[in-house]
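Starting off, we have a lone chain in the form predicted alone, written out as structure tokens.
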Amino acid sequence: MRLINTLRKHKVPYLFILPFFILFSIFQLYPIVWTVWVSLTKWNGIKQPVFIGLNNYNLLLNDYMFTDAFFNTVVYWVTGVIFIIILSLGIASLLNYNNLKGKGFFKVVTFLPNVSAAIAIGIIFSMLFDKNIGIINEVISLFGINKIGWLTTVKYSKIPVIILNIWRNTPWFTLIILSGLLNIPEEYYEAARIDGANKIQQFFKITLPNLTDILFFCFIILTVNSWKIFNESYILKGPSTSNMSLFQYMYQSGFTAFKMGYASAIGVVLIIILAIVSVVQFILMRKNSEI
């Protein structure tokens, strides 16, 4: 009754936000509920789904391909978060430096990977890391190192995927961090210089504290992107499951093996992981805002 009275009292504001909830229910909530339902069935996408309870989840626990794909995705996530944020912070700081000559040129070069087609980049990277004709092996051979089968050996096949992931995503996060740097008042740095603080002290005492919210934002977006990584590992295929991502395994289970129920179970696992990360991020941001 109290809820109904509240809705009547504030009906105009609720009417304004009603389209969002309708669209959210159709395009976000319903697909999630449908995916959870399909994950409890055996379905090839054509015939009627057969309810099998939690069997798909039991199969996941004993599936080495799922385990490998999960481990590979964790590697892509951790390396992506660490290297992309550090590189983006460094490049953004450089681009924010007032005395940098040719700043426009460096901005274009920095953001070029973000506007390039993923497929084209993947093909170029597969040529770069080719064992016989790749320029990477030609360079390392100058130092007396034998040619490496980057995409043909289990040991090295994740490296090209990691490098491509970092190379493609760094420009976008550089742009986000650069926008944060531009919003830090110059007066803070002037006061620090008067007090005798050097560049390193200014970075840790002024720059980083003022970028905390943006770095949290980058972390959560990078986490979501890393768990959805697909193009990089799909194009730069390694032997067996050596560099297969979880999202790629879900695609192959659903649209190559036509095991829609099994693929949906993988999707539900991804949803749960991303939900947990989002909750942790929300709690950390809330604590940070209270400090």
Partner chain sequence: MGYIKARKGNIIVYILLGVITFISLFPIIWMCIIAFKGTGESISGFNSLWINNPTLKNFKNVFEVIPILSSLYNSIFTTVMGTITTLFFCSLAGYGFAKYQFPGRDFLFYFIVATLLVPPEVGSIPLFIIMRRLHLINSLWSVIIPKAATAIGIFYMRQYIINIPTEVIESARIDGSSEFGIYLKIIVPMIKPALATWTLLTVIARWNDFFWPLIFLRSTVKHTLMVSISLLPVSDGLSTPWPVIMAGTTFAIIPVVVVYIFLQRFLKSGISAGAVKG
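Positions refer to the first chain, counted from 1. This is a predicted model, so every value here is computed, not measured.
If you look for the form predicted in complex with its partner chain, you will not find it shown, but the lines that follow are about it.
Site annotation in the model of the complex: the residue of Phe83, Tyr188, Tyr156, Phe217 reaching within 4.5 Å of its partner chain with a heavy atom is Phe217. Exactly one listed residue, out of Ala192, Ile176, Ile184, Val74, brings a non-hydrogen atom to within 4.5 Å of its partner chain in the model of the complex: Ile176. Within this chain, Lys107 lines the site of its partner chain in the model of the complex, having a heavy atom no more than 4.5 Å away. Ala263 belongs to the set of residues with a heavy atom inside 4.5 Å of its partner chain in the model of the complex. Taking the partner from the other structure, its partner chain in the model of the complex has no heavy atom within 4.5 Å of any heavy atom of Asn146. Within this chain, Trp43 lines the site of its partner chain in the model of the complex, having a heavy atom no more than 4.5 Å away. Shown alone, this chain has one stretch from 238-246, 51-59, 64-72, 22-30 that lies within 4.5 Å of its partner chain in the model of the complex by heavy atoms: 22-30. Applying a 4.5 Å heavy atom cutoff to its partner chain in the model of the complex picks out Lys107, Val108, Val109, Thr110, Phe111, Leu112, Pro113, Asn114, Val115, Ser116, Ala117, Ile119, Ala120, Ile121, Ile123, Ile124, Phe125, Ser126, Met127, Leu128 from 107-129, in order along the sequence.
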